[in-house]
Structures are given as C-alpha cells and as structure tokens.
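Coming up is one lone chain in structure tokens, specifically the form predicted alone.
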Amino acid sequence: MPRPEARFESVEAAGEKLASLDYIADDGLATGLFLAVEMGKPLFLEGEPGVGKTEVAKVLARAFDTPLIRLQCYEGLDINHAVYEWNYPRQLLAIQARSTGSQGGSRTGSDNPTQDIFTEEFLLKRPLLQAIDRSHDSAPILLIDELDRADEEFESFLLELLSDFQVTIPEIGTLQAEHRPIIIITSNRTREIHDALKRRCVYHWIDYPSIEKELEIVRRKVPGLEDELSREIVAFVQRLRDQDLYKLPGVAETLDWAAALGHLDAVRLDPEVVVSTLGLLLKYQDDVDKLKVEAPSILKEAIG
C-alpha cells in the first residue's frame, strides 16, 4: 500500500525535524522548506560553497525515509546524462536475436525485428526520469546540485519537469510522476539562473552561520571536542571570513578542521597548530601563504 505523501505539520515542525537530525536551520530555511513541500514547488537554495545547501536534501531524505536521487551538474551536461537515453547495445542484441529466430523459423508474431525496441524495457533512466518513476511508493527527494555549473541551455530541459513533473519521450509519450518528487536545487551563484526557472521555485539564500549557530553545528557534528576548543575553532573561522581571501572557508571546512584537531588531540588553538593545519580550511596556495604570516595575529584577535 502506498505511503502518504511526505509533509511537515508546520514551520516549527520542519525546523525541529531537521534539528533532530543535526541540521540547524534558521527560520527562513525552515519556512522555505515547509512551503516548498506544502505547495509542491522546488526549493532553490543559493549560497557560498560549503554552507550546507546539499546537506538539506540529504537530511530531508532521512527525515521522510525516502530515496535521495542526485543529479550532479557540470559543464556539458545534456539530456542523455540527466533524463534518459536508449540502451543501444541491448536494443541491438534484441534485434539480432529476433532476426536469428525469424530465419530459423521459430519466431512468432511480426517479422519486423525492430518492433517494440523503443519501450521502457530498453530505456536507461537517468536521475530526472528516475525521480518521476511510477515505481516509487512515496515522494523521493530529487537533488539538482550546483545547477550553475551546467550550461544555460540545460535549464530549458528542467522547465517541463518543474512545471508538470513529467517528461516527454518522443518514442513513448509523456511519463508523469505518481508521487511528485520533492526537489532541492542548489547553486553557488557562479552565474545567474534564468528567471523562468526561478519563478517555479521557492527561493532561499543560505548565508554563513552566526557564531552561535556554527558553534552548535560543531558540537553536534564533532562530538567529543573540548568545549573551549570548539569555541576557539568557531571564533577563528568567523574572523577568517573577514579576511581578503580567494575562497573563504565554509561550514564544511570548519567541521573538517575541527575533526582534524580532534585527531591531533589538540586542547587549545595556538599559532603552530593553526599554521600546520591550514590545508583543512583553505584550498588555494595563495590563501595558505597569506595566512601562514597572518594567522598568529588573526588568532589573537579571535580568542585574545
């Protein structure tokens, strides 16, 4: 028996459910998520890399105990890799088998070996088509990750799906979802996404967290650290984001750094341990070189 469609009872319930799974959402994100689910609209999340956009979809799949289907976008992504393509080797084998059977006199039915090779049996379903597959017994989560990395032309492929939750395949017809997927779209804003797509979405910008929120995230995600060390880590990263760097560290880098310091059995931050572990926070050599010089003063400003 199909399960009821996934939903939250209220905005507060959405925030509490995410918090129970160690994702700390502010009121804006909880509201956007609640409305996206209730209204059947995609949730479009923009923000700097590493602030937790992708994690929303992962946590949502756990919250609703439903499959997570992920489409990772990249330059050159096309319909064959995102929606569907035909399984040509299997089609060819079927044609050869039918031809052999017909020649041997054992084949029944039509003498056309290419009949019925353009059916779902020979279809390779990519993420967008998987998300509306009628075999799901509840709404899956469809994550369209880093849409800004894909070419602008690819966005037009999404419009029919986002409007009607259906995909048209010329050889078969229109395939429509029985359970509308809950769609999360993320963008790092390396380019602007067209208004035609944004109009179909609930929009929310995820910013870097406040010091209180980031400290709570570290406590939940990296348990076992000394509380004073957790505070110093967050204070230093927050101060680091005020610097003129090529790539500022996101929450993901904060958590990686905190975990690394735990493995090093660090108790407090000092200039030596900061400099030796900068590779966990910064991913560009120019930034690392700059912080090797400035880290002691930044640390002093952050924790006194």
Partner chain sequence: MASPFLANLLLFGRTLRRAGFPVSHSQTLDLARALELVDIGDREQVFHAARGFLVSRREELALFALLFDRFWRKHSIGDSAPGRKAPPAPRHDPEAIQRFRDVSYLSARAGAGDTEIELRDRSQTYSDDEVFQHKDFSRMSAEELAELRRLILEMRWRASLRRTRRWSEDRGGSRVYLRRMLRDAAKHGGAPLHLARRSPKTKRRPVVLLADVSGSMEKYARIILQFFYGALHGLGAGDVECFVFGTRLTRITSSLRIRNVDRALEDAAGEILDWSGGTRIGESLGIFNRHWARRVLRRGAVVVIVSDGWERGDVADLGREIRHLHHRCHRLIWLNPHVGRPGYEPLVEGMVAALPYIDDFLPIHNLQSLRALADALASLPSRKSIRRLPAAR
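Source: prediction; values computed, not measured. Residue numbers count along the first chain shown, from 1.
A second form of this protein, the form predicted together with the partner chain, is not displayed here; the remarks below concern that form.
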Which of these stretches, 90-98, 158-166, 213-221, 175-183, has heavy atoms within 4.5 Å of the partner chain in the model of the complex?
90-98
I'd like to know whether T119 contacts the partner chain in the model of the complex, with contact meaning heavy atoms within 4.5 angstroms.
no
At 4.5 Å between heavy atoms, is L264 in contact with the partner chain in the model of the complex?
no
Please tell me whether any heavy atom belonging to N188 falls inside 4.5 Å of a heavy atom of the partner chain, as the geometry stands in the model of the complex.
yes
With the partner left out of view, is K125 within 4.5 angstroms of the partner chain in the model of the complex by any non-hydrogen atom?
no
Sequence order please: the residues of 65-79 with a heavy atom within 4.5 Å of the partner chain in the model of the complex.
E75, G76, L77, D78
